[in-house]
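This text opens with one protein chain seen in two forms, each one given by itself as structure tokens under the names structure 1 and structure 2.
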Structure 1
Amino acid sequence: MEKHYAVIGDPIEHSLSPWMHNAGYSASGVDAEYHRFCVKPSQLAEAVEGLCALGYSGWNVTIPHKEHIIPLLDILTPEARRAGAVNTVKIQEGKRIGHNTDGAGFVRSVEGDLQGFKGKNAVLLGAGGASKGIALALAERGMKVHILNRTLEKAEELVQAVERAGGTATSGEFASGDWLTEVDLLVQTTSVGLHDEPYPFSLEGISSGTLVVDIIVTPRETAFLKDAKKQGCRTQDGLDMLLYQGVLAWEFWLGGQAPVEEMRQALKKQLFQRMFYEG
């Protein structure tokens, strides 16, 4: 193999990235292989040295290392600097370059459906790491972002981060309310729904023109998305965000255009197999 890539995180067994990237290499005739490694927080620095010593050309970074890896890198792209988090590292001329494709990946996943961002209203439920990347990317494209979170202080901190980056944002309580009527894009970014638990508020009254996204990948249709469908909204699950952050990482590493359809099919096939074998 000419090139090696990987994803590091803890836990990592659930990661679908190896299937997505390896399918992309096969489809494009790229002589590369993608692995996944469980790296404990206390071993992050050693793991980074090891990947460099072994000649890896780059790697993805997932929970819990996205912020802690920053001091171990040489250069950050503007996207990584703004997000304060790295999900993709490229080795170029011996330098470790940290990048972030989470926010732009989300934007790519909704741009076909939304038809323009400027001046439109986005509501984000949750103010964690995923919400931060999405909020910054949407605000950068001119959307007004309203952030609702269980812990209001965290939503307020995120509003300040968006404002520092030149965007417009407000924060509020995590509950139903009038805000439901004038939303172009509603994004569920909390971990509620990962275990099929019901969502703690109803979407009754939401405009049917709203695009509703739940970034959870499994289950494919959360209680939140079922509720949105019942209200007549267009819906999108978390698969496309996962796909496009991977597509953008692929293009950051290799240049050119990633084979999106082959990567999408590999993700769907792997998800289907896991559902079938794991019930």
Structure 2
Amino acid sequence: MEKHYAVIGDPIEHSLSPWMHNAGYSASGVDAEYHRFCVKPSQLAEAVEGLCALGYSGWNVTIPHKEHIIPLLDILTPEARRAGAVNTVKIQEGKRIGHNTDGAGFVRSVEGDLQGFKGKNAVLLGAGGASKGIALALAERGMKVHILNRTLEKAEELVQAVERAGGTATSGEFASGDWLTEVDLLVQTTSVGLHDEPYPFSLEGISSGTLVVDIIVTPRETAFLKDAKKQGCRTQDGLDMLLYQGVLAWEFWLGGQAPVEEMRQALKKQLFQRMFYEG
């Protein structure tokens, strides 16, 4: 019997998840299909009820629903509870189970380039749903996390969540500052750059040894990453985080080991096609 999965968010037309997951199903001989749906904030409750009524086995959750979906769920995994955000939902025995694969997926995406976490400094730009999972995962591995957000109160709430989990975190204004010279890992977690708009502040003065990551996947090189390259930093786009959070979601839904390379190649192929046709 064919299973159905999806991703919901707004905007959603940029999402590459259907190609990644459908390639995984095909490679593994799984009878399933993955879709994407644009869901406005005012439609979230209705959309969740609709997915359940249509028999969906699970779905991914992206901007801006990762926090707002929580009251609509029955159970949260420890990862989702700690993060206060959900990016993956599974229907099991009629229950809606919320999970978060953002943090673990991000760690897998940077561990090779960062070469160790303990005692290093991470700065996260933004304090939304993705930032929560990432902040907790990095703090759990011994990094000191500094969170910058337009709304300082939201950054401070995330600091408290990290501290409750036994980590070390601080907050600050969403602007350049002294932190630029002391950061080992800089992560851009907001939606700024989806349309290749300029970033609100410059990275001038940042240490050239910093690994700079923008979790946006398209465009591959945002204005933020272009600025980081100009400063001599190593850079990484959001492709690997998308891949590994998707791999972990796949395994949460279906068990076993996801076909990572087939999923990676599907992402790269779709990105190349978009660059070709849009260029």
Ligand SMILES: NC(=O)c1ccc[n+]([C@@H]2O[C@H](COP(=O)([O-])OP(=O)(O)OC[C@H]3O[C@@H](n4cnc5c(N)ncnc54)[C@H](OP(=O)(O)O)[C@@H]3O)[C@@H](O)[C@H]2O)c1
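Computed from a predicted structure; not experimentally measured. Counting starts at 1 with the first residue of structure 1 and goes up one by one along its sequence.
Working note: structure 1 is the copy from the form predicted together with the named molecule; the remaining copy is not. Of the two rigid parts that describe the chain's movement between structure 1 and structure 2, one contains residue 7 and the other contains residue 116. Rotation of the smaller rigid part against the larger between structure 1 and structure 2, from C-alpha superpositions: 19 degrees.
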